[in-house]
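Next up: just one chain, as structure tokens, the form predicted on its own.
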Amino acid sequence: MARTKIKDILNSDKTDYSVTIKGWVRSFRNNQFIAMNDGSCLNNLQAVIDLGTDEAIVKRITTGAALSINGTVVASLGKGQKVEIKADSVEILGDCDNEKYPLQLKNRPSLEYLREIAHLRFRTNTFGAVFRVRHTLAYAIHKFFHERGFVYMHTPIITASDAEGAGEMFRVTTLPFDGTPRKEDGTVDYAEDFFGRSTNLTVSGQLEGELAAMAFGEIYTFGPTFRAENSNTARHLAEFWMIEPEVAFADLKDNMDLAEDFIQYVIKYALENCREDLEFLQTRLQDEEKQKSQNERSEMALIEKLEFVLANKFERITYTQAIDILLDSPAYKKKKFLYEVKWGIDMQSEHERYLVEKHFKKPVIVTDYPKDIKSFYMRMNEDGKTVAAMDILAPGIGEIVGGSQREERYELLVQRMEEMGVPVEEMSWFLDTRRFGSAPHAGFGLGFERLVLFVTGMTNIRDVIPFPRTPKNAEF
């Protein structure tokens, strides 16, 4: 008999039919009641075996063991579930050593402990919920862009360019560490390397995305990116996923409208399709918040926060207005900010969260940043001091989206590249889009893990990616 998923059984009102379920034991009590979970949903399905079941089989029914159970779906006599399975046969597919099984704990294991066993943490309710939500958000992203006629573009993972100009990149090489070929001046001779030049793992697919947008009009990328930034914080990863749309014939306002629609669309889709998982995560978060002081607690429950984002237009202010608000804030006057506030700074998370959580109490889009703190490809404004950039700030995490109208004017782009030390000759392929049929265009980047962090209410970015890559950590 074909396997039936537990989710389908629990979502149906039918009874008195035969099924085969396959999954893992969450608990086994009184040598009769097996709580089974197959990962298709949060809830377990109870299977009831006969007390006369072969004792050799019963001894092997332990937490974590994989089973196949044939039986009949019947109305449950117990509390907490509508249906259960009256088992006719039980087959052990995979034994689990109860004494050594790391999840065989009476108390709920901490998230820190579960990061140490990331290969097994998917089996917990928390991470089952997180990664089902992550999957749903990924699907919603593709659905959003597909419905709007965007072309999905796979941009290179190995690249010779640094889109951000930050220089914090992972080098890709086949050169030996011992006896690395050198030029006469002592520098590495990359002509001997696999690609014949210095290459790295990409920090962004944006530049290549711009090339495609100049042919297709509207494209998006969704792929892994890498940054060798030695930041051991709850908000940084060395390997993460980015969504980067690029749109021809669009200005900064079009870009803001697209980003706002996009965020609201994928959150709405998650609420509609992952309600059970989000309710579980909300309850978990509320239990955690009970340990915090009143001042540290969130003003809104998780689902209320997500619905609030859907119900409200994002506030739109300029960088200059944002700085003025911060300078006039009680937090600044009482010297509660750790970092200085003045025009020209790159706002820190504490500043961004103040604007979102204390001042406006809703998501905020900040535009027109000083040119000196932004990348070379952003369009210069008429004032000569600011660029047509925009960041979307979200409650709880600060910046979630960064984007801009791109500089489509060849001479001004070359001037900015020279000012910022970006090699003009090596980037001739990028400049060709400004030589041959240039057009106004705009785009943004959204870190997927930050979106998942926001939607699930988790507080550490390492808990929303299956196998986190961070400084000194590349296990599993």
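Keep in mind it's a predicted model, so treat the numbers as computed, not measured. All residue numbers are counted from 1 along the displayed sequence.
The form predicted together with a small molecule exists for this protein as well; it is not shown, and the discussion that follows is about that form.
Asks: Just one of 221 to 229, 185 to 193, 267 to 275, 122 to 130 has heavy atoms within 4.5 Å of the small molecule in the model of the complex; which?
Replies: Contact-bearing stretch, as computed: 221 to 229.
Asks: How about Thr202 - does it come within 4.5 Å of the small molecule in the model of the complex, if we only consider non-hydrogen atoms?
Replies: Taking the distances in the model of the complex, the answer for Thr202 is no, it never comes within 4.5 Å of the small molecule.
Asks: Given that the partner is absent here, does Ala248 sit within 4.5 Å of the small molecule in the model of the complex, heavy atoms only?
Replies: Although the small molecule is absent here, Ala248 would stay clear of it in the model of the complex, with no heavy atoms inside 4.5 Å.
Asks: Answer for Arg406 alone: is it within 4.5 Å of the small molecule in the model of the complex, judged on heavy atom distances?
Replies: So Arg406 counts as contacting the small molecule.
Asks: In the model of the complex, does Ala394 come within 4.5 Å of the small molecule, counting heavy atoms only?
Replies: So Ala394 does not count as contacting the small molecule.
Asks: Identify, from the list Ala118, Leu258, Met214, Ile400, the residue with a heavy atom within 4.5 Å of the small molecule in the model of the complex.
Replies: Of Ala118, Leu258, Met214, Ile400, the residue with a heavy atom within 4.5 Å of the small molecule in the model of the complex is Ile400.
Asks: Under a 4.5 angstroms heavy atom criterion, identify the one residue in Lys86, Arg297, Lys253, His236 near the small molecule in the model of the complex.
Replies: Of Lys86, Arg297, Lys253, His236, the residue with a heavy atom within 4.5 Å of the small molecule in the model of the complex is His236.
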